[in-house]
Structures are given as C-alpha cells and as structure tokens.
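Heads up, what comes next is one protein chain in two forms, each shown on its own as structure tokens, labelled structure 1 and structure 2.
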Structure 1
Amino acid sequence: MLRVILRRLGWVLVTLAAVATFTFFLTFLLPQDVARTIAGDKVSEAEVERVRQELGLNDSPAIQYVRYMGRVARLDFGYSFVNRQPVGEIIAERLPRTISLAAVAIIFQLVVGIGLGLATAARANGVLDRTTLSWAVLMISLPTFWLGLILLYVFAFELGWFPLGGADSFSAIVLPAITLGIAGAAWYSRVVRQAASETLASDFVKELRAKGLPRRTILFKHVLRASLSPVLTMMAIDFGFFLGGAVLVETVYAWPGLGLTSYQAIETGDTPLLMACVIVGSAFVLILNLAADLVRTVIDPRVRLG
C-alpha cells in the first residue's frame, strides 16, 4: 500500500513538472519584453538592460528552462508584474481562501447530493423524485456565474441575509459555496439515486429484508455504503472542474481566492502570477484526487489503488 502511494506521489510530481513545462512554454511564447514590463515603461534603456541581466533573460532558452524548473521546485515563482510582490506570498495568502470555499462547497454537495439521492431512491417515482429530477436537470444547466449574480442580488442585497461579496465574515462563505456546489449536488443526487436503486433491487437487499432488518438500517448502512463509491469516483476527477468553477464563482462574489487571482492575473497581464496559479492549482487538484482515491479504497474494498 505504501509503495503504491509513493508511486502515485511520484506520478503527481511528474505531472506537475509537465504542467510547469507547459507554463514555461506559454510564458516563453508571449510576445512581451519581460524586462521592460518589470522595469516599467518610462525607465532608461540601461535600467531595462540591468533587469535583463539580473533575470538572465539573455541566456539561451534551455538554460532559462532549467533555471525556471529549479525555481519552481523551490516554490519560488518570482515577482508579480503588477504589484512587485513575491508571487509565492500572494498565493500563500489566497490559496487558503479557495481551500475553505472548496471544502464548504464539497461538504454541501455531498450532503445534499447523497441525501436527496437516497431519499428519492427510497421513494422512486414519488413527488420528491419527480421534482428532484427536474431540479437536477435545471441546476446542471444553469450557468454558475448567472446563478451567482441572481443569488447575490436576492439574498445579499434585497433580503440582506448575507454580506455583499468579499470574505470578511463567516456567513460570507454561504452563497459562494452554494453556487459552487449546487450543480455537483444535482449530479450526485442522480448518481446516488441510480446506484441506490440498483442496490435496493439487488438480491443482497432482498435477503436483508427477508431477514427482517429495519428499512432504515438497510438504507443508511448498506445502500448508502454501496452508493458512496460512484460518488467518490466522480469526486476524484471533479476537483479540477471545481477549480474552474471557482474562477467564475470567486469573480462574481469578489471572493479573494485563487480563482479571482487567476482571473485578475489574466486581466492585468500578470504572467508570473497566472503561471503560479496554474501550477499551484494543479498541485492542489492532484493531491485532492489522490486523497479521494485513498478514501475510496478504504470505503470500497473492491477498488484498488493503481
């Protein structure tokens, strides 16, 4: 088991190296005088040349690439083009905000998704089941950012229940987390419903029922357990998708996390910051993916970590 985990971690590093290479490639292709951008537009040519020397921009691409990878390995992402601050420090400040937002959103989608999925499976074709189906299709089809704008207007401004964006108070996380998690909740509710229905129809459950086990026990102990596996499978590959959603949701709610940072980095041409967002975001997602896979092997003995 440990060896498998180590091998997976090794693969994570290889992937990150590939992502870093991709970012280097992008930066290198950029039709931009990096030294001029860093030094400022109105400084003398001598000053620009000084910066160019300092950053080694006159070296061959190969040397620059090696140096770049070395810096990334040391988590040194250079300085922001915009506010001249170390990119690492900016990310360190923003990443926890995205982690907390993602955590709350994931909990929300799991609780709502699994809860609804089980409830609808238990009473298939009931009123709840029918409404949930249309609700699920609707939620999946609604653009996240649009829903965010509407929720913000109605619940934060008109009703005043939540702060108007930002991350200043605890309740500020509610609307962004719901916006980010609601589509996932809808998906999960359908996945759980399907898995739970199949389990309910299985011989195994028939046997349990024949033994006279209470319905509640069957549902929450056996059916729930069997339905978790597909949800976790989905979740494991979902984190990347989630981070994409975070860019939109954070932009709508002015939530100062990694997503908003990446958006602003693009808007302002802050290449070092954007590339660091991509690398750190990928690392974040890869690690979560590994963690989800681990949890899956624990819950479902049939799954093996590859």
Structure 2
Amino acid sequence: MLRVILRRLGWVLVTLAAVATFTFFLTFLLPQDVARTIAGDKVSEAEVERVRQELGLNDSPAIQYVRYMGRVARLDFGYSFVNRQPVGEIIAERLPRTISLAAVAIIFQLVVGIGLGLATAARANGVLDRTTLSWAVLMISLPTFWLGLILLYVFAFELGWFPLGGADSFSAIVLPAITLGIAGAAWYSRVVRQAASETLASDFVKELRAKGLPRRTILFKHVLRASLSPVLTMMAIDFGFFLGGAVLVETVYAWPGLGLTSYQAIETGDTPLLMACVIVGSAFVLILNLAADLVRTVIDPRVRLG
C-alpha cells in the first residue's frame, strides 16, 4: 500500500509540473506587455525597459522557464502585478473563503443527493423517483451562472432573505453554496439511487431480509455503505474543483475566494496570480482524488489502489 501511495504521489508531482509548464508558456500567447502593466501607462519607454530588465523578461523563454519552475518548487509564485504584494499572501487570504464555500456546498450535495438517492431506490419507479429524475436532469442542464443570477434576484433582491453579495455574514454563504452544489446533488442522487438499487437486489440483502432485519437498518447500515464508494470519488473531484476556483459562482455573488481572484486576474492581466490559482486548484484536485481513493479502500474492502 505504501509503495502504491508513493507512486501516486509521484504522479501528482509530475502532473503539477506539467500544469505549471503549460500555464507558463500559455502566458506568452497573451497580448500583454508585462513590463508596461507593472510600470503603468504614463511612464517612459526607458522606465518600461528598466522594469523589463529587472524582471528578466529580456531573457530567453527557456531561462525564464527554469527560473519560474525553481520558484514554484519553493512555493514562491512571485508578485501580483495589480495588488503589488506576494501572490502567496493573496492565495493564503482568499483560500479560506473558498474552502468554507466548498465545504458547505459539498455538505449540501451529500445531504440532498444521498437522501434522495436512498429514498428513490427504496421506492423505485414511484412518483418520488420520477419527480427526482426530472429535477436532476433539469439541475444538471441549467447553466450555473444563470441559476445563480435567478437565486440572487429572487431570494436576495426581491425577498431580501440573503445578502446581495460578499462574505460579511454566515447567511451570505447559503446562496453561493446551493448554486455551487445543486447540480452535484442532482447527480449524486442518481448515482446513489443506481448503486443502492443494485445492492437492494443483491443476494446479500435478500439474506438480511430473510433474517428479519428491519428495512430501515438494511437501508442505512448496509445499502448506504455500499453506495458511498462512487460518491466519495465524485466528492473529492468536486471539492478539488471548488477549491480550484468556482469562477462563475464566486463572481456572481462577489464571494472573495480563489474563483473571483482568478476572474480578476484574467480581467487585469495579472499572470502571476492567475498561474498560481491554476496550480493551487490543480493540486487540490489531484491530492483530494488520491485521498478519496484511500478512503474508498477503507469503506469498501473490494476496492484496491492501482
């Protein structure tokens, strides 16, 4: 097991190096003069050239790449062009906001998705099952930003139940979390419903019923455990994606997390900040995916790490 974990961690590092490489060379395609962005529009060309020389922008791309990868290996992402402060400080300031939003969204997905999945599996092809299927298809199909705007207009602007944006109170997290998690909750409900239905039809469950175990005990103790394995992997991917920056949701609700930071970095051409957001988001996806696989081996002994 330890050998497998170390090998997977090695691939995580290789993948992150590839992501850092891709984001670095992608910046050369952006129509932006980094030195001009830092120096400002009103300074002379001599001043712009001085900034370019200080940053090493006159060096060849290969030299710049080696220098950049060396900094990334030390977790040094440089300075933000716009905020005029180390990128690491900005990430450390914004990341907790995204973590809290992602955590609440994941809890919403799990509670709603697993609850509906078990309920519809227990009453397959009933009214609740058909209604949930229609709801799931609708939620998965709706654009996230559109749903966010609708919820914001109805519950924040018209009814005034929640703030219009920001993160100044706990209630401010409710609408962004629902917007972020509702499609996942719909998808989880169908995945759990499928897994639970297969488990309910298995010989193992038939034996438990023959022994006289209550239906509720079978459903919540045995069927639920067997149905969690696929959800855990999906949850890790979702959580990593949320931490990487749910750009549209955070932008709609002005939630000061990595997603809004990424959007602002794109809008202002702040490439060091944007590249750091991409790398941090990728790291969370990869690491949480590995963690989910490890948890799956504990919950379901049939699962083996490859």
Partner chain sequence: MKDEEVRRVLEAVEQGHLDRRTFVQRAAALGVGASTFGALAGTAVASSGAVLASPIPGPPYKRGKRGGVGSVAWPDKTVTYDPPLAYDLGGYYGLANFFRGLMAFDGKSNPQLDLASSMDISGDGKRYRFKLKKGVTFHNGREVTASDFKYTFERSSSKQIGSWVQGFLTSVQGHAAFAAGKTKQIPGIKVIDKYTLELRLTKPDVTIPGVLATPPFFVLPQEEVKKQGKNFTFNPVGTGPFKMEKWDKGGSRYTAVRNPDYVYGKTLPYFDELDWQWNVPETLEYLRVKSGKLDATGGNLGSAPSIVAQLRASKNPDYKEWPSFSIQWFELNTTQAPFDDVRVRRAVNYAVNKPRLQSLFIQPTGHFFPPNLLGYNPALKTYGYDPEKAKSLLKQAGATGVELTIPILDGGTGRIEQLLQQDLQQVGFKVKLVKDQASVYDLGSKLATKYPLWYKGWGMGLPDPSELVSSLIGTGAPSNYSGWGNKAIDKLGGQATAITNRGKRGSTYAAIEKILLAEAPFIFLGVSTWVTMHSKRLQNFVWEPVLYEHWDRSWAS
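What you see is a predicted model; the values in this text were computed from it and never measured. Reference numbering: structure 1, starting with residue 1. So that the term is clear: the rigid core is the largest set of C-alpha atoms that superpose within 1.5 Å between two forms.
Engineer: If I had to pick the form predicted alone out of these two, would it be 1 or 2?
Structural biologist: Only structure 2 matches the form predicted alone.
Engineer: Does the C-alpha of M235 move 2 Å or more between the two structures once the rigid core is lined up?
Structural biologist: Indeed, M235 is displaced by 2 Å or more.
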